[in-house]
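Below sits a lone chain in structure tokens, taken as the form predicted alone.
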Amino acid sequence: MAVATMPAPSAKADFRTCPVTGLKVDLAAERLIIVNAVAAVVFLLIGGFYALLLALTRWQAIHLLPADWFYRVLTGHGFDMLVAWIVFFEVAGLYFGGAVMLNARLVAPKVAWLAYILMVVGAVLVNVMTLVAPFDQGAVMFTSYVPLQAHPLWYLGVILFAVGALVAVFIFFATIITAKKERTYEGSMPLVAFGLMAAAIIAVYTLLSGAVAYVPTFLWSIGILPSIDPAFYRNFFWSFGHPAQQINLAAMVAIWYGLAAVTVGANPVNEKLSRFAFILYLFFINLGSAHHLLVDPGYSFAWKATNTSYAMYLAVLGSLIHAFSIPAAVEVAQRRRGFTSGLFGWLKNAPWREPGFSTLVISMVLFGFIGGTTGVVIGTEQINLLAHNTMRLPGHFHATVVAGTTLAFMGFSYYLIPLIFRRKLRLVSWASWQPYIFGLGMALVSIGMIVSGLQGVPRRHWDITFSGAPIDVTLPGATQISLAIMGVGALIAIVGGIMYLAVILASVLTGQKEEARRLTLVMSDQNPLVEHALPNVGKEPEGKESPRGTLVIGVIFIVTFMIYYLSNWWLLGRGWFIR
């Protein structure tokens, strides 16, 4: 991860120099990073509480909540975890990548504060109306499909939040343009900032699509429009709902590159190829939205086939490039440090107690092996007929958005404490163990959901026994086991989430106020980004630095994906069996 090194910007702004990174930190940007990160953690806390209630309800043996509260909590959980927590944190990340990493001043900080206020007011409105509005206007769930009609203030909250986020994105663009104009950095934009820029570009399309979906429904809810076409709404909603998670993908990958650099001093083996992979996201990643509409009438076979193949899977190609580039960079960095024995000596001797490194590895493994493989399979038109609206869908996106993105953001936030909050990290041993506990829990949650979905458990229904329904529904007895796995995993993940919150809150509220002394949190190396901190750099014989261990891991991943993909076609064939 290259860092910008140039004299302080000439424009009017108050700066400090980070003693660890040498970066010029705009104090206005620093304050906005802090408040957005704090807001993110608050909504993570609320959404995590909702997650516990939902898990204990979907776990059929416990079945905690009554139906009305189940749907209210499900609505709040979806917004707080998929939107509020992640977008607040991403805005903090944009200000970090645009201002701090480029030694630049944040453009229009007063407007940035207005954006923050709009987001906070919007998020609070959505949460309040979810809980207090009449049931049919509050429990509309994340998708709020027409003809469900939410309370007008619910729609207004979503719109205010989206407007605030869009303003923050444009401030980021203005900041990076100004940084280039004022020559606050040399050469190309650092790769982490480049990845965040890709996420911001995707965000513009996403938020504008959300406006096309939500503004008419708001006008409908207050009686200005007589009706909304459900097909029109679903199309534009998923131009918002699914790409919102692709913003997360680009931001998460950018953070992966950052964590690899911070913890082992890794630089991409081919940075141009990594940048090209981000560009593939810009052109093709949003086509995956179509997999939510594959069972809808009105769309042609050609439209469905084109979109669900991700335009010949070019977006998937981008992810595969990152999936090889990041561990390859780690392997090369480790081999340069002298860990050259065998295929995996570099991995065995990696800094596993450093939360940034363990977060990187666990997040990548769970995102790739569970979230990525299931996502591509669900995006296949024929197989989607089996998976649509079953528990396989939340199993997939809990592996991507939670086990992948949320865990990566958690890991990155540990480093914001000393570098941006300028507080000493408290409960460091908890921070070392937290990624393992949270990762284990989310792996069990995702697997339990996916296996339940394979047995036909519906995605959103409060009672999988369908008690009182006019048609008897019988699910395999094994669903009780898979749902129990999900429930136990949720309890473990909640423990990991509590550990994370305890570390963050203890550090922010009671941590000693001090300037950062080193970049890492546990490792003895003062700064892996500085070449002289690497003990054996340059001592490895030429030709020994090839990432051959990563190549083996890549082959294992491809074989795993092929087995899962072909097994789904086998299941589809059994479903179509005709005597």
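A residue's number is simply how far along the shown sequence it sits, counting from 1. For clarity, every value in this text was computed on a predicted model and none was experimentally measured.
What comes next is about the form predicted together with protoporphyrin IX containing FE (HEM), which does not appear here.
Exercise for the section: Name the stretch, out of 48 to 56, 23 to 31, 546 to 554, 61 to 69, where some heavy atom lies within 4.5 Å of protoporphyrin IX containing FE (HEM) in the predicted complex. Expected result: Of the options given, it is 48 to 56.
Problem - protoporphyrin IX containing FE (HEM): the contacting residue among 418, 372, 122, 394 in the predicted complex [heavy atom, 4.5 Å] - result: For this set of options, the contacting one is 394.
Problem - Listed residue that, although protoporphyrin IX containing FE (HEM) is not shown, lies within 4.5 Å of it in the predicted complex (heavy atoms), from 377, 192, 485, 81 - result: Checked against the cut-off, the match is 81.
Exercise for the section: Answer yes or no: in the predicted complex, does protoporphyrin IX containing FE (HEM) come within 4.5 Å of a heavy atom in every one of 77, 141 and 401? Expected result: Judged in the predicted complex, 77, 141 and 401 all sit within 4.5 Å of protoporphyrin IX containing FE (HEM).
Practice task
Decide whether residue 461 counts as a contact residue for protoporphyrin IX containing FE (HEM) in the predicted complex under a heavy atom distance cut-off of 4.5 Å.
Solution key: The answer is yes: residue 461 has a heavy atom within 4.5 Å of protoporphyrin IX containing FE (HEM).
Exercise for the section: May I ask you to state whether residue 490 is within 4.5 Å of protoporphyrin IX containing FE (HEM) in the predicted complex, using heavy atom distances? Expected result: The answer is yes: residue 490 has a heavy atom within 4.5 Å of protoporphyrin IX containing FE (HEM).
Exercise for the section: Mark residue 365 yes when one of its heavy atoms lies within 4.5 Å of a heavy atom of protoporphyrin IX containing FE (HEM) in the predicted complex, and no otherwise. Expected result: Flag for residue 365 set to no.
Handout entry: Proximity of residue 442 to protoporphyrin IX containing FE (HEM) in the predicted complex, heavy atoms at 4.5 Å
Key = Residue 442: contacts protoporphyrin IX containing FE (HEM) in the predicted complex.
Handout entry: in the predicted complex, residues of 167 to 206 near protoporphyrin IX containing FE (HEM) [heavy atom within 4.5 Å]
Key = The stretch does not touch the partner at all.
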